[in-house]
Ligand SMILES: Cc1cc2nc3c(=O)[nH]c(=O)nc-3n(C[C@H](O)[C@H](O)[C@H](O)COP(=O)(O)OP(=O)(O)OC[C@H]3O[C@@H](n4cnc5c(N)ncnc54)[C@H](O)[C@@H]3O)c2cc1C
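Starting off, we have a lone chain in the form predicted on its own, written out as C-alpha cells.
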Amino acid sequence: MEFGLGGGHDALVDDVRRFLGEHLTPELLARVRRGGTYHDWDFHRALVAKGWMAPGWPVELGGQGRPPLEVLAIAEELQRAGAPMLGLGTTMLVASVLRHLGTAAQKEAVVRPALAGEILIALGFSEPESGSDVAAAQTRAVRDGDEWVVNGQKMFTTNAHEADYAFLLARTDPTLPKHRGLTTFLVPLRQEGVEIRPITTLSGERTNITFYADARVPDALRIGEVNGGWEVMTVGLTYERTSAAGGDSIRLLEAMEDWAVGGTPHGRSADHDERVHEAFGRAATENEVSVLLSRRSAWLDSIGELPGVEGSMAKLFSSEAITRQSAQFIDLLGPEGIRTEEDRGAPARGEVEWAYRFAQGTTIYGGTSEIQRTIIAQRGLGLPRG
C-alpha cells in the first residue's frame, strides 16, 4: 500500500508553508514556549479564516470537504513547524464526537461556534488517582432536575484557563461496574464552583488541575446516554490518537543536522562522525515510520473505518521514537546538550534540551505507552489479558 501524499498535494503544502511564514513568527513561537500555553488566539483565528479548523468536514458543515490525506498534509506541516495547536486539537476532537453523537441543539450551540473559532474545549478525563485508568474516575455527577451537579477534580486539563467547556467524564452510577456507570458532559468552565490551578510540566508547558464544587451543567450538555459515557470516550480517544505524528522528531533532526554541518564548539564539523551518521540514519528511519503509521490511520478513515488500533500504533511508535532520539542526541552533544534555547550559543538552537523534556510527556498524553501496548495486544492481536 502506498501512503505517499502524491504530487497533487504539493500546492497545498506550499500554501501551508506560506501561511506559516506569515503567521507563525519567531516572536509567537518564543512567547508560546516561554508562557507554556500552546494556544494563541490570533493564530487560531487565522487558521479559521483559512478554513483549516476542520478542512476535512463537509462544506455544508463548515469544512472544505478535503480527503483525509489532504487534511493530514496540513496537520503534518503545522506540527513540523511547532505551531501551537493544542487548543484547536482538543476542540475539534470534541466537535468530531458531537458531529457523530451530539444532538441538533448541541451542534448548533457548541459545534458551530467551535468551527468559527469563538470557543475552546478542554479535555477532562484524567484524575489524580486515575490517570491511565480513565474508567476509574471518581468525579461525581448527580441529577438535579434539568441539571447535573458535579463534584470532584480533574488532572491535566490543558488549556482550561483559556477554554469555555471541559469535555468531562463523570461517575453517575457508583453501583455499576466502573466502565458502565460513567457519563460524558460538556461542563461550562466559567462559573462559580469551578477552580482552575496551573501546573507546569517538565517541558515548561502549562496544564491545569480543575476542581468542581457543586458546579452545574444542563442536561442538554450531556453527550450520549446516561451511563453510556465509556462508548463516547472510546470515540474521543480514537480521535486523540490519530493526529499527525513525527513532526516534532523531524524538526529535532533538522536542528541536529544544522549543528553537524555548522561545527562543534571546538570548530570541527561533526558531519563525518560515524556515530552522528548512525544516529541520524536511525532517527530518519523512525521518523518515516511515524509518518507512515499516521498516514495509514488517515487512509483507514478515508475508507470509513475507525483506526483505533492503528492510531494506538502511530501514537506509541512516534512518542517512543522522540524519547529515544532526544536522549541519544543529548549523548552526542555531551555537556553542551543541556544548554537551553534561551542560550544563544546552545547547539542545535537548544532544541535537543527542550525535546528531551518534552518527549517524556508524549508517552503519557492520550494514554500511556503501556495502555497503547495493551490496546494493540488485545484488540489488534487478540491476545488474552495478562
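These numbers come from a predicted model, not from an experiment. Throughout, we count residues from 1 along the sequence that is shown.
One more form of this protein exists, namely the form predicted in complex with this ligand; it is left out here, but the text below deals with it.
### Task
Using the partner position in the predicted complex, report whether Ser132 sits within 4.5 Å of this ligand, counting heavy atoms only.
Heavy-atom contact with this ligand at 4.5 Å: present for Ser132.
### Task
Look up in the predicted complex whether Thr201 has a non-hydrogen atom within 4.5 angstroms of this ligand, and give yes or no.
Contact with this ligand, yes.
### Query
Does at least one non-hydrogen atom of Thr139 fall within 4.5 angstroms of this ligand in the predicted complex?
No, Thr139 is distant from the partner.
### Message
With a cut-off of 4.5 Å between heavy atoms, is Ile371 one of the residues that contacts this ligand in the predicted complex?
### Response
Yes, contact at 4.5 Å.
### Task
Quick one: find which of 70 to 78, 182 to 190, 219 to 227, 119 to 127 has residues within 4.5 Å of this ligand in the predicted complex by heavy atom distance.
Selected stretch: 119 to 127.
### Message
Please tell me which of Glu205, Glu286, Glu162, Glu257 lies within 4.5 Å of this ligand in the predicted complex, judged by heavy atoms.
### Response
For this set of options, the contacting one is Glu205.
### Query
With this ligand left out of view, which of Ala279, Met155, Leu93, Ala109 would have a heavy atom within 4.5 Å of it in the predicted complex?
Spelling it out, the residue with a heavy atom inside the cut-off is Met155.
### Query
Going by heavy atoms, what in 341 to 359 lies within 4.5 angstroms of this ligand in the predicted complex?
None of them.
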